[in-house]
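Single chain ahead, by itself, as structure tokens, in the form predicted alone.
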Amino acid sequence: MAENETYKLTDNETYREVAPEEFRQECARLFDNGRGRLRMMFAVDSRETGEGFNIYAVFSHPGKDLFEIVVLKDLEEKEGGITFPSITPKIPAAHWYERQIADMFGLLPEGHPDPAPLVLHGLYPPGVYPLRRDISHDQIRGLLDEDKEDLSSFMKVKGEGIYEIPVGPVHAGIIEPGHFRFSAVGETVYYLDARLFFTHKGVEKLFERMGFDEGVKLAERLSGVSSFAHSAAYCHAVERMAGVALPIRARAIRTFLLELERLYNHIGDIGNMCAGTGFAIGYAKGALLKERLMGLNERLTGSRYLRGVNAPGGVLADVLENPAETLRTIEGITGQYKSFIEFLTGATSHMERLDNAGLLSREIAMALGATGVAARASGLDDDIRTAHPHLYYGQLVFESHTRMKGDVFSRMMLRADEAACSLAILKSILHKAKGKRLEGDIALPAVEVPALGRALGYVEGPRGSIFYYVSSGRDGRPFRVKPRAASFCNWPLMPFAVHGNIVPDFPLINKSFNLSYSGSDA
């Protein structure tokens, strides 16, 4: 393929290969001062196929069902290492992607304003790049020095009256590890520095030694409460790479379960925000309603977390088999949900804590590539279900929701709006199934993956957009699988939302974003 040549592999993916001196300019053109969105950025070690190291930057534009992918190919080693032009100075959303590429592949972003390690903490020896193809998962484990930890990367804030509050990485609750350093003046947070990536599991490396069918189990374990969304995005990528279209019943079932997962997450998150304000009865009501939904998950699929249902080519459980019975359950939950929201919005002491807390401006959300609730609560109308219709979403009538203020109240109410929308979608699909309008197979007989194929897969998960890039080698087996969780985009927003708030509001603000540690740290 010649440089600067544009080609398509699927209906809505356009690839353009550019020379290093054109990479930054081409990405800036697609970003277009914030009107385009950087969806993901990653590297591929293609040395064994003679292509060297390649970098992919995936962009999309509001109103267009099109992904434009800039490919920087055949990076060569020079004095000082293998480098590529950083796009972070022009596109701030690239900052974590580029640092991740540097850590995992040893490709250095020239001109990056903060090139410090991101994923690899001090226990990794220098010169070990885990995602290069010539190092195995087992070799990496043998090289780690687990007694070594480097905390020098925390930013020190100096000034009269400023003191530091360390939190984590081990927390009092049963949550994943994250190390936070607050620089505060009195009770007011002046600066927050977060150190994550304590749960790195080598998932991207593990994908390489699995078959495409086996990879589903790995995808659905990246993030517990987004298990179905992750496996659906992964399967979507494999199916697009294979050029197959799912039967209508399989598409409807996947859509149904995606909305069921969104619903139990949103209701659980709204309840958890009550814990952040000390409103115990609100937390208990939310937990009870979430538990009823997870019980429905188990009755329909055998898994409270909707695992073991997806497979390339369709689904393994026909959850629309008894639509009338499921519809009665959903109708009952709808009434309970409405009562729950009315109860919360009538609790003045709770609602006052949410107003103006954790403000995130539209400009910051746009610059840093926010996704999901975090983006839409700050005025960005970005919903993969409507921006890039897939599965059964194109046959449904619904609108994405936005709020403008970007505070905790906006994030709670946006979840409330979306939960009501999910209930309506669930009922719509069940009514169609009851009326025999979704008849057909739930899976294809088999999915044949071509050699040297590649494609994107995507869904709108509970926390925001989830993307997978999947490619096959000459043998038709997985060559590169790159997941991008929603929380990877949204964690960098936290310091901006916390700034200027009091320290006791951090748990509330944190719960309003509901970010995953493990999901970001594949």
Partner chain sequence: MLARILYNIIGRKQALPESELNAMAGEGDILMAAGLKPGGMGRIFRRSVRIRQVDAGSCNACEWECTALTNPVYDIQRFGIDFVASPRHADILLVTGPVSAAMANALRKTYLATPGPKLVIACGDCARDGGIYRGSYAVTDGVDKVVPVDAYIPGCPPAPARIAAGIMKIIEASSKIK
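Remember, predicted model here, so these are calculated numbers, not experimental data. Numbering follows the first chain given and starts at 1.
Beyond what is shown, the protein has a form predicted together with the partner chain; the following relates to that form.
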Inset, instruction - Sort through 362, 133, 137, 195 and report the residue having a heavy atom within 4.5 Å of the partner chain in the predicted complex. - result: 137
Inset, instruction - Name the single residue among 409, 124, 256, 84 that comes within 4.5 Å of the partner chain in the predicted complex, judging by heavy atoms. - result: 124
Inset, instruction - With the partner chain left out here, work out from 352 to 360, 432 to 440, 279 to 287, 398 to 406 which stretch has heavy atoms within 4.5 Å of it in the predicted complex. - result: 279 to 287
Legend entry - residue 336, heavy atom within 4.5 angstroms of the partner chain in the predicted complex: yes
Legend entry - Residue contact check: residue 389 to the partner chain in the predicted complex, 4.5 Å heavy atom: no
Inset, instruction - With heavy atoms only and a cut-off of 4.5 Å, decide whether residue 272 touches the partner chain in the predicted complex. - result: yes
Legend entry - Heavy atom of residue 78 within 4.5 Å of the partner chain in the predicted complex: no
Legend entry - Any residue of 288 to 311 that, in the predicted complex, places a heavy atom within 4.5 Å of the partner chain: 288, 290, 291, 292, 295, 299, 304, 305, 307
